[in-house]
Ligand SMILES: NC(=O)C1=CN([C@@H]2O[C@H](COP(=O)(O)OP(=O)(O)OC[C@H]3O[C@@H](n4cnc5c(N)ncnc54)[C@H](OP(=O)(O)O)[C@@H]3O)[C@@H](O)[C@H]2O)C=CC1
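Taking the form predicted alone, here's one chain by itself in structure tokens.
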């Protein structure tokens, strides 16, 4: 029997971020492997027109929880939603709910965070730093608490090339940042943000690093651990391959490429695409929760959940695997078919890609205006290109993450726990995983009918021909204008035509001699 599954039996568990991608998979795994756990508390922000219980039922009604309902038919009775708002300094939890959480909680999994790269610093600090500080204060008042597991990111120290499983200090103390944001206005905060984040690319990575510092400073008398996953993708194995429900990470790029909106991205083909399946992260998280509670390490341990050092896959190879998957699993209603330029570090290709997308978008919006409909394609294209631009920092670099603690933990597990809570990325077959990922995006995120694949393939062929025709016409127009304005261009053109004529004449003469 699994020691980890048995450990969570009878436990009261608090999960923040349970309505998010990883939080849902964490809940599912807990309920499926430890159906006799006592209760899972989830912090849920109130939503107009929807009760907390309705939100719980909405989560449980997804395909993700189908297997859970087989082993735990009354699964909704195991989940207790607590009204809370991490945007508020006191988390907006009622006194009654707070008392229940403080007196009953055994394990805390802190998954909540804002993952937006362009988040304003004030909001990013509130969600990723201040909320963490408030939860640690709560944890210090929980007499039954056995472990507090904080989910960070492997990119919290992306300003370094080699990253060890340690907490790195930031130039400015988190408390000073929190105190300053209380009285500074937004204009001043926006002005000083670049100076504060320094050589980090965005407020997300910066505030996650601050959050780790808060964990280190506030962890006295608390059994605590930090998990740093890299880019989190669709499920690998559990509860079934390819499940995904958000546009973050590679999912948005897969949709944009599959729909034909994105034909190329400026990336370094040989840079490592450090992607980890969400169920791998969840399995490590549950194993860390067990180890932290049972073995009670003397210091805060950091666990890297990355693939680059154990089973690397570069962006060039991943791009080709995505494109190969599109051949088998085309997306419906595509704008244009993607091609093999999906990954390139060529600036000319990148900016031609932007132009060749904006021009059709403008034309399509003009058509929508003529037919009395609201234009939307240009706005969508600008948003897509802005998102890709924010990702460029991560797809043009490689990092080295040490995994000593993660490998140590793997060696501490029994063979049964290594099977049930598998987080060994060395077993991951990238081609199979990417194909399931693309299939999952189509089925679970876009909810497209798989029966329409043959028709979608024919549709993509037609759109490919339209795209080639458009590019050919655009090139001929540009070349004609160039010839009309430049003597050099005319000379080059006449040289090419003359060369082709001579070559054909030589070829015909050679053929005649052979006969």
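Residue numbers count along the first chain shown, from 1. For clarity, every value in this text was computed on a predicted model and none was experimentally measured. By rigid core we mean the largest C-alpha set that fits within 1.5 Å across both forms.
The same protein also has a form predicted together with this ligand, omitted here; what follows describes it.
Taken together, the three residues 112, 204 and 230 all lie with some non-hydrogen atom within 4.5 angstroms of this ligand in the predicted complex. For the residues 422, 403, 398, 246, the 4.5 Å heavy atom test against this ligand in the predicted complex is passed only by 246.
The listed set 127, 189, 166, 439 contains one residue whose heavy atoms approach this ligand in the predicted complex to within 4.5 Å, identified as 127. Stretch-level contact analysis of 80-88, 176-184, 412-420, 157-165 against this ligand in the predicted complex, using heavy atoms and a 4.5 Å limit, identifies 80-88. Although the partner is absent from this view, residue 22 contacts this ligand in the predicted complex, with a non-hydrogen atom inside 4.5 angstroms. With a 4.5 Å cutoff on heavy atoms, residue 67 does not count as touching this ligand in the predicted complex; it lies far away. Among heavy atoms of residue 47, some come within 4.5 Å of this ligand in the predicted complex. Contact between residue 153 and this ligand in the predicted complex is found at the 4.5 Å heavy atom cutoff. When two forms of a protein are overlaid on their rigid core, residues whose CA moves 2 Å or more are considered shifted, and residue 51 is one of them between the shown form and the other one.
Closer approach of the C-alpha atoms of residue 48 and residue 247, by 3 angstroms or more, is seen in the predicted complex than in the present form.
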